[in-house]
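Okay, here we've got a single chain as structure tokens, the form predicted alone, with questions on binding and movement later.
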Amino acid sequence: MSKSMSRSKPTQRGGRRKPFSFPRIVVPQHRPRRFYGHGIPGVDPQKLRGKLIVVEGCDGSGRSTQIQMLMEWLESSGHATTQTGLKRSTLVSEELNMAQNGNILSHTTMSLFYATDFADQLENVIFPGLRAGRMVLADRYIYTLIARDLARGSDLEWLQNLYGIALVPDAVFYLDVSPEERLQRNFAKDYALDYWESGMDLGLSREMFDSFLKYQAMVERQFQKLHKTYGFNIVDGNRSPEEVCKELQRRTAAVLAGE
């Protein structure tokens, strides 16, 4: 190959060549898959060859930031990715937003809205991504939906049957952040608090800041109960985003390696 066509290499001072440094590529190891319950008829979970990684946590825990950083790291390591999350279904997300903006939803109606949103994304985003061997990154999964509904008085057995269609993820990382820190992060981001994320529909307090803290504490207690059943990987989310990301990268690499 002529010098004009050869690939130039960076050099250090003194003319010494600095070696290239490429991200370490880990080939995903396949493991048997299963659904939490009855699943979806006609879907063979063993044909879903990709990996489903879930990042969970209460509002303001930094999930979206970590999903984005994890996606960039995975793609730089040679893995194709797909993202999913709550209220992203093309089937019902717009209608759900409209209903929530009017603050007119009953607890059961809201549960079924979110369940429909999840089912649509499961069939049209998560399954196709996994069949194609992609890394599917979920910004929240059924655990948030169940925890919210339990905080609003729903029956656990009914909810577990409702979400029996859900595929068991390859890993679930729960970002554990104090309610006070989440409050600060939410307000710093939007200069306001969300009506539903503050539990204002429950009549916990007339003051939104107080209601947010009370409601988020209720949801967090439900997550603690769900952890005993589903076995989340707890990650300290009170640290800097970079520190949290490094831990998620390390744990995700272990999942890919089948550890």
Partner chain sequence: MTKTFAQLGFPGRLIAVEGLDGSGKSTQIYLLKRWLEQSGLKVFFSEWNSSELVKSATSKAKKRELLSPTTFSLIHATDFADRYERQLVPLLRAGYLVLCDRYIFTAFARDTVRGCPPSWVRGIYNFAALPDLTFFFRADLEVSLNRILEGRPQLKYFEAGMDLHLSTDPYESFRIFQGRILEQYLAMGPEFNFMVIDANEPIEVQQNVVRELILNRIDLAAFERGRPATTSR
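Computed from a prediction, not measured in an experiment: that's the story for all the values here. Residue numbers count along the first chain shown, from 1.
Just so it is clear, the following notes concern the form predicted together with the partner chain, a form of the same protein that is not shown.
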* Asked: If you check Ala99, Leu156, Ala171, Ala80 against the partner chain in the predicted complex, which one has a heavy atom within 4.5 Å?
  -> Ala99
* To do: Report the residue, out of Ala132, Leu86, Leu183, Ala119, that has at least one non-hydrogen atom within 4.5 angstroms of the partner chain in the predicted complex.
  => Ala119
* Asked: Check Leu204, Gln222 and Leu226: does every one of them have a heavy atom within 4.5 Å of the partner chain in the predicted complex?
  -> no
* Non-hydrogen atom contact Leu105 with the partner chain in the predicted complex at 4.5 angstroms -> yes
* Asked: Do Ser76 and the partner chain share at least one heavy atom pair within 4.5 Å in the predicted complex?
  -> no
* If you check in the predicted complex, is Arg34 within 4.5 Å of the partner chain, heavy atoms only? -> no
* Asked: Wondering, does Ala115 line up within 4.5 Å of the partner chain in the predicted complex on heavy atoms?
  -> yes
* Only one of 183-191, 160-168, 67-75, 134-142 gets a heavy atom within 4.5 Å of the partner chain in the predicted complex; which is it? -> 160-168
